[in-house]
Structures are given as structure tokens and as C-alpha cells.
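Encoded as C-alpha cells, the following chain is the form predicted alone, with no partner shown.
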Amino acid sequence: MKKLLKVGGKLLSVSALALAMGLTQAQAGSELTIKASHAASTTNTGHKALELMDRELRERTDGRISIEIFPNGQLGGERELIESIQLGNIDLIFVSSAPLASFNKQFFALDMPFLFKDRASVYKVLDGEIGQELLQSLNRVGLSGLGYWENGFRQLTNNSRVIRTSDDLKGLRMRTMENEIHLMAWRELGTNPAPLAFSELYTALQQGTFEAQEGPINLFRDMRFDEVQKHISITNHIYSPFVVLMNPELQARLSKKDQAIFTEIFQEAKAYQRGLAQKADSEASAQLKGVTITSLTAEELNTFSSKMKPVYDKIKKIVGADLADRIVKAAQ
């Protein structure tokens, strides 16, 4: 009898465990945790937009859908993150448009130096017909483009001297993104450029591997580059959007109702993120200490833009003259 009770107790325990596991699996099956990642810091406006999306998704789906965020390049640099979306290892990312061009050459069209004069012209292109065509073209390479967040106008920074004209650039060891157009543009301007993953940039600047880099001023502040770079030249040479990408298979698995909820929240997050980015840009200059910020005259900027014709010609060969001409016209 004692043996039977022991066996019965064990069977009951196993049954209880199986029941508990069954409930856990059922609960897990009814919930979706979207795995999101990016290469920026947790203070970045894109990270804050993902946090907003997580809160809103939890609220509007009664906790069925949430977002788990892996910042600071924990899951790889931007190129690796794009590849992970294609493989289905990550569900949602935001990346700069420059590395995305290696996967879809049409995105080189956004790398034309001095293309945009202000944010109004940027949003007209990105949120308009051309921007949407670019997003749709990502379907061919296993990516779903959701839209554009703001990374910002890119500025030139270095640790050695004030730079006002292209002649001041000669010989500088320059970090660029992994993008052949960016590399070509900085060669035309006389620097010695080389690509490097963003997550490795601070150390490379600190150790003197590179003397100069370029990027949005709010990102410069977020990454504490003011500790290793002491000069900023306001060039606005390229506007760099964050492109938000989703794994197509995950997107297809969402019900029509959840897709509608997700789309609505994404549009709200886009407006929120862009507002934060604009504010961050305007505040960054005042918050940077020990950094010389140089505004350039139209004549000084012309020393840069006048050397870009070979770059424009190269872009036309890559993306086609029709797309290049359309985007230039739309940006005016």
C-alpha cells in the first residue's frame, strides 16, 4: 500500500507538472514578444521610440504583444542586424540607410551629398512616393521596410583642428560607414577613409586609429564622442534617416487586427521619435562642453559640394539616372 501511495504521489506530481507546463505553453502560445535591436545607446531617440511602442502594444493588446529591446549593438553592428532580420533571428530593428544600400542598391540614392536643404524637403521625399517605393523594394531582399525615423543631418568632427574648407581635410584618417559612396565622397575631399562598425568607433577614436568621423550631432553627444573629438564643423553634408525594418514572416503572422494596431502605433512612434530627434539636435550644441563648433559660410560649403560631381555620376550609374533625377527634383 505504501508503495502504491508513493507511486500514486509521483504520478500526481508528474501530472501536476505536465498540467503546469501545458498552461505555460498555452500562455506562451497566445503571446508574442517582438525581439528588437539597434546599435545606438539607450538614450538615443530611436530606443525611446521602441520603448513607446512596447508600452502601447502591451496596453492595446491587453499584454498579448510586447517588445524586448537589445541596444548598444548587443546583437551585432548594423550590417549584422540587417542580416539577422533576413534570417529571422531578430524581428525589428532600426539602422542607418547607408549600410542598407549594400543589401539594396537603390538606397544609394539617399547618399547624394548635399541633396537636402532642410527637414521639410527630407520628409517630402521619405514620406512621399519615392520613399515608399524604396521601402517596397526591400521585399526583394527579404526585408520589410516600415518607415523612416530621424537620425539627422550629418556633421564632420575631428580631434586635431578647425575645419572650414575641403583643403583643411587633407590627410585626415576618416571613419565612415560601410558604404562605397561615403568612402568615395571622402576620398574626393582628400581624406583617408575606412569603414568601421559604429559599436567600435569610440575606442578607435580614443586610440587614434581615426582622427575624424561624421554623424548627427545628437548622436555625437549620446555616444560621448566629445570626450575624444574636440571640433565639429556644421556641414549638413548628408541627411541620414533611420530605416525601421521588420522580419516579413513575423509581420505576415500577425492577424489583420494586430497589424492594424501595430501600424497605428508605429506611425505615432515615428512622429514622437522625429520630435525627440529635432529637440535633441537643437539642445546638443548647448550641452557639449569643451568642443569647438564651427558654422560654415555658403562659400566654404561650396568647397565641399563642388567636388561631388564624380560621386553624383557614380550614384546615377548605380541606381539609374531616372531615380537619381526624380529624387533631386523632389528634394527641391
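Residue numbers here begin at 1 and follow the sequence given. Since we're looking at a predicted model, the values are computed, not measured.
Here the subject shifts to the form predicted together with a small molecule, a form of this protein not shown in this document.
Across the proposed site, Glu78, Phe198 and Phe242 without exception bring a heavy atom within 4.5 Å of the small molecule in the predicted bound form. Residue in contact with the small molecule in the predicted bound form (any heavy atom within 4.5 Å), chosen from Ile232, Ile85, Leu138, Leu219: Leu219. Just one of Leu110, Leu156, Met177, Ile93 comes within 4.5 Å of the small molecule in the predicted bound form, counting any heavy atom, and that one is Met177. Proximity of Ala49 to the small molecule in the predicted bound form falls outside the 4.5 Å heavy atom cutoff. Heavy atoms of Ala40 reach within 4.5 Å of the small molecule in the predicted bound form, making it an interface residue. Residues placing heavy atoms within 4.5 Å of the small molecule in the predicted bound form fall in a single listed stretch, namely 169-177, out of 140-148, 110-118, 253-261, 169-177.
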